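Presented as structure tokens, the chain that follows is alone, the form predicted on its own.
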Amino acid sequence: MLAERPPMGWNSWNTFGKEINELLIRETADAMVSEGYRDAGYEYVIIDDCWSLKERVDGKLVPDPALFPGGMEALSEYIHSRGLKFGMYSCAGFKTCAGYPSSYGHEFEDAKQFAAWGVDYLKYDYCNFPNSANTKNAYLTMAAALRCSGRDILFAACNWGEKEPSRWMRSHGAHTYRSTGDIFDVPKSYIDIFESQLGNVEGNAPGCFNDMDMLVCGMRGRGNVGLGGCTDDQYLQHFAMWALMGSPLIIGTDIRNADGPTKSILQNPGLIAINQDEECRPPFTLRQQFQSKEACTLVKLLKGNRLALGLFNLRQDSEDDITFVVSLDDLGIHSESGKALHLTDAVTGEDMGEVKDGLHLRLASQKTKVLLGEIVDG
């Protein structure tokens, strides 16, 4: 099965936009290996928009020879030789978002071309979509084309949440679906996306996942979607949110020169393990009486007798702490059960000991705590 777990990889758009070329992609594939991202679980190297000539040639999409002189098949072979997978971009409209030729009306021939190039992942955007066309049928058509291409290609549908894709993308063949508008490198952007999707992840399961857009961790205000940037605490919060929500983890920063804190966040084994847990259960939200609306608590059941508990202080403009109160009853562990919860800090690996009835935890503004809990005899 494709997309047994949320896909992990890197995409060119957030940092580079249209400033892409063959050397950049090869160097990024090399960095995926040498900098430890492949070993951490990241496998897709994805070229976004602006890779082709401005017009089709003999009805076919053609890579811009000035940017990709070796061609896509050779680039694909290089990426595969590094133990990685190759991703590309097209669009359901008559032009891509940047005005390049798209796949509307060309789905089957383009899918065959992608397969011939060795493509393993297709991001399929939604710009310039005709008003008279049918959104659901457009994504169904490309799903069918990919299935008929002769190659297993993960179908990453990207229609920004239009037409409520959580209600139909799985049945129409997508492996992931974008549920929001574009992310930007500021705290408000990732928090708004997170809050908008708290009630929209119940359908996450092997085979199809809600995509909350690419990660901005480590961009620091630079690049194509870089605005004000975020602090390391905010980048950690952003990554932890995506991990617990079961979103694909697609890096957007330039990993060739990522700093130490960025690598530590993006390669954190505890958070990645939560995201990649084989049961792929979506989280549920705990709402405590009298607690600030800026306090969010997520619970994600993991394989076996384990769970992940994510505590998020969403205050960005206030230095006030928030006290989180979590009753074990709300985790399905009643006080009369004779059970306790053994906690470990998912980010640091620190043993936090056992709790029986519940826990109180105080977090400063912008801070996040993710705990792994194992149900044990109390």
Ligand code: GLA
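The first residue of the shown sequence is 1; numbering continues from there. In this text, all values refer to a predicted model and were calculated from it rather than measured experimentally.
The discussion below concerns the form predicted together with ligand GLA, not included here.
In terms of non-hydrogen atoms within 4.5 angstroms, which of the given stretches 301 to 309, 176 to 184, 102 to 110, 70 to 78 touches ligand GLA in the predicted bound form?
Contact-bearing stretch, as computed: 176 to 184.
Are all three residues Trp10, Leu84 and Trp117 in contact with ligand GLA in the predicted bound form, where contact means a non-hydrogen atom within 4.5 Å?
None of them does, since no heavy atom lies within 4.5 Å of the partner.
Please tell me which of Phe155, Tyr139, Trp242, Tyr89 lies within 4.5 Å of ligand GLA in the predicted bound form, judged by heavy atoms.
Filtering the options by heavy-atom distance leaves Tyr89.
Report the residue, out of Cys97, Ile255, Leu236, Ala143, that has at least one non-hydrogen atom within 4.5 angstroms of ligand GLA in the predicted bound form.
In short, Cys97.
Would Asp49 sit within 4.5 Å of ligand GLA in the predicted bound form, counting heavy atoms only?
Within the cut-off, so yes.
Should Trp168 be counted as a contact of ligand GLA in the predicted bound form, where contact means heavy atoms within 4.5 Å?
No - in the predicted bound form, heavy atoms of Trp168 and ligand GLA never come within 4.5 Å of each other.
Met219: touches ligand GLA in the predicted bound form, heavy atom cutoff 4.5 angstroms
The answer is no: Met219 has no heavy atom within 4.5 Å of ligand GLA.
For Trp160, is any heavy atom within 4.5 Å of ligand GLA in the predicted bound form, or not?
Close contact exists here: in the predicted bound form, Trp160 approaches ligand GLA to within 4.5 Å, heavy atoms only.
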